[in-house]
Ligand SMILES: O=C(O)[C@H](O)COP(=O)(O)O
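A single chain comes next, written as structure tokens; it is the form predicted alone.
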Amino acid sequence: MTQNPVRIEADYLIETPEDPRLAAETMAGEQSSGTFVAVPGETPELKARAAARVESIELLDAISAPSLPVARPINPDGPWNRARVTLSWPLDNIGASLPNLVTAIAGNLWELRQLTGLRLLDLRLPLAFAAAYPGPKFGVAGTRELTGVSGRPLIGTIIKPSIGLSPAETASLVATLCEAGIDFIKDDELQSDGAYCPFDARVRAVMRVVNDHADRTGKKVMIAFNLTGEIDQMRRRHDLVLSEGGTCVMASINSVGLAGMVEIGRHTQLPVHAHRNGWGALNRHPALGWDYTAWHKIWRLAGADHMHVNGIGNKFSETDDSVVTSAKAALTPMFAHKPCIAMPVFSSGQTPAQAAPTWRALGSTDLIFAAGGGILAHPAGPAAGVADLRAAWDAAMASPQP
């Protein structure tokens, strides 16, 4: 479980051509009471009250060339020293505010001339943040209760083609998937409220077939409808899904932003499926951006019940180790009294071949395993795709516990 300090704490990987301690002190000053030159009023008393502190520095290896280009480098000759640095801030600087937290820990740092690499690795938050934000209202337990799935992963899929189907065509595909025994279906993130497939018409058409299937079989398939939009639009769309008997909504969190997710988290009466499209811009370079371990905590606090983590053997650039670390992080409690557990979502090129390695690496069935083409493009049809995934997971779970 994440420990909860009195002060806000953040860990960074830094790369600098100067003494790493000087670079860390520059970071601390830039993100609290200091600036590039001493100013009147920056008294010892003010610093004691408001300054960020360098809590620790762990020196790592130096490298012979900078990871990132710098237009006006402090020292163009290197060497470029790397270190793991922990900074801390008084909670009173910003209060328990997620938007202002991001400004403090991830503001004007990547622009600093002293740095040729900066990555935010992790953060630890005071208990005041747990009191200020809803966190996941459903998480793993609530999602399992709504779907009636226990003891195994939820088998899911994504509507494909991603975009271009009409509401009636979407509903027909959902009906096929319901009959195939699927647990979970999500809109593709590209499908929102376009003229060819309006949100309201899509929800009503899809929920007719979902409700009919539930009435006949007792199994209600969870559909994550993509309500991404402006805040008032998202509230209204959520209310429509709820009124039609839906059990999940989805938002593209990088698109709607923290304020949008916080408002949805406070408003929702349904699980929030958080899609991370755009994540690669924050993560792909190893000396730049965020580690998922730090980034996803913000969205969990805002109210995300499901968090995408990519998938083992995925179609993108992320390594398997990174995927598994992300999934384990989502299942790690943030606070003792308010765990804020989110259900990790494995997707992106998943097939039955990834079931066993996912089980071995994660050691848990608390996940959504979503296969788009892996189900819909199955040569024997979607029902066979769902059956093969279920069989692969049954076989994987029959092997010894990792």
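Keep in mind the model is a prediction, meaning the values are calculated, not measured. Numbers follow the displayed sequence, beginning with 1.
Quick note: we don't show the form predicted together with this ligand, though the next part is all about it.
- 160 is the sole member of 160, 113, 204, 285 with a non-hydrogen atom within 4.5 Å of this ligand in the model of the complex.
- Contact annotation: of the candidates 333, 373, 363, 29, the single residue with a non-hydrogen atom within 4.5 angstroms of this ligand in the model of the complex is 373.
- Using a 4.5 angstroms threshold between heavy atoms, residue 296 stays clear of this ligand in the model of the complex.
- Within this chain, residue 347 lines the site of this ligand in the model of the complex, having a heavy atom no more than 4.5 Å away.
- Put simply, residue 236 is far from this ligand in the model of the complex: not one heavy atom of it is within 4.5 Å.
- Contact check for residue 300: no non-hydrogen atom falls within 4.5 Å of this ligand in the model of the complex.
- Contact annotation: this ligand lies within 4.5 Å of heavy atoms from the stretch 181-189 in the model of the complex, the single such stretch among 166-174, 102-110, 212-220, 181-189.
- Contacts of stretch 58-81 with this ligand in the model of the complex, defined by any heavy atom lying within 4.5 Å, are made by none of its residues.
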